[in-house]
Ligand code: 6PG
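A lone chain, given as structure tokens: the form predicted alone.
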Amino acid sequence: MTYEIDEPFADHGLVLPGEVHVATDADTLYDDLALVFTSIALKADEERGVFHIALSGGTTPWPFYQRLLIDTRFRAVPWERTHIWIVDERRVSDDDDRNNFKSLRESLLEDIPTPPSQVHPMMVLRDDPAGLYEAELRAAFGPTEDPPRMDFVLLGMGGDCHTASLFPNSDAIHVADRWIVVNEGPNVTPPDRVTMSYPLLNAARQLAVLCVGAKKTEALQRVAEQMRSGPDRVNVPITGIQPTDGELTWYLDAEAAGA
């Protein structure tokens, strides 16, 4: 089965790392992303018999997750053979409204047939949550010295250009030898976080950055401006998303793109 999306809205002028897809409105954007996601899922299932994804919480992706549930075009996603990981998490209880996995559970996980053993929340209140999650990744992907390759990673971006929980001038942006890291300190928006690191994120086959609405325009323009001189993960962390052997695509609506 082949899923194709319409030609993107081209008049945006943004030069970002990777590909840029701009839809005329948010509703169309969620549709486009769901079509791409389904194609990636079917290809992974056909080639490897398993689909590994890392998802983000929060309100921005909620309509995308709902689209996957209610639109019949996307029911081909092989949820039974999908492993669902989370990009980052706040160190709060799983019933806290700030908990990313709670948001993900309510918007998607409660209504798909993925076996519980293939759903992987971060145990953020345990001792060494980063080590525990890394061990879980090793168990799922098998022994490897290299970062495992997610088939699809969904990222967002904050107004300060952070992504995942990789904040400007925070300790985690310097980590090169871990897949998962606790990020804490004065440069991390409280509470403390547990996050996937650059090495793990950049190993993915497909990375998608989803930005919706005019509030994202300034940050996107800052990324574009920074890329004229090259990536700067210290001050503009999302520019550190540089896939080693995969693809990065920005999914924007026209408002976010300033078009």
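The structure displayed is predicted, hence computed values, not measured ones. Start at 1 and count along the sequence shown; that's the residue number.
Note that the form predicted together with 6-phosphogluconic acid isn't included here; everything after this is about it.
S.K.: Please pick out the stretch from 139 to 147, 106 to 114, 153 to 161, 74 to 82 that is in contact with 6-phosphogluconic acid in the predicted complex, where contact means heavy atoms within 4.5 Å.
M.R.: That would be 153 to 161.
S.K.: Please tell me whether any heavy atom belonging to N183 falls inside 4.5 Å of a heavy atom of 6-phosphogluconic acid, as the geometry stands in the predicted complex.
M.R.: No, N183 sits far enough from 6-phosphogluconic acid in the predicted complex that none of its heavy atoms falls within 4.5 Å.
S.K.: Is T60 near 6-phosphogluconic acid? Define near as a heavy atom within 4.5 Å, in the predicted complex.
M.R.: Yes, T60 is a contact residue.
S.K.: Quick one: does R67 come within 4.5 Å of 6-phosphogluconic acid in the predicted complex, counting heavy atoms only?
M.R.: Taking the distances in the predicted complex, the answer for R67 is no, it never comes within 4.5 Å of 6-phosphogluconic acid.
S.K.: Using a 4.5 Å heavy atom cut-off, state whether H52 contacts 6-phosphogluconic acid in the predicted complex.
M.R.: H52: no contact with 6-phosphogluconic acid in the predicted complex.
S.K.: Sort through Q206, T38, S56, N202 and report the residue having a heavy atom within 4.5 Å of 6-phosphogluconic acid in the predicted complex.
M.R.: Exactly one listed residue reaches within 4.5 Å, namely S56.
S.K.: Even though the chain is shown alone, can you say which residues of 61 to 94 have a heavy atom within 4.5 Å of 6-phosphogluconic acid in the predicted complex?
M.R.: Residues within 4.5 Å: P61, D88, R90.
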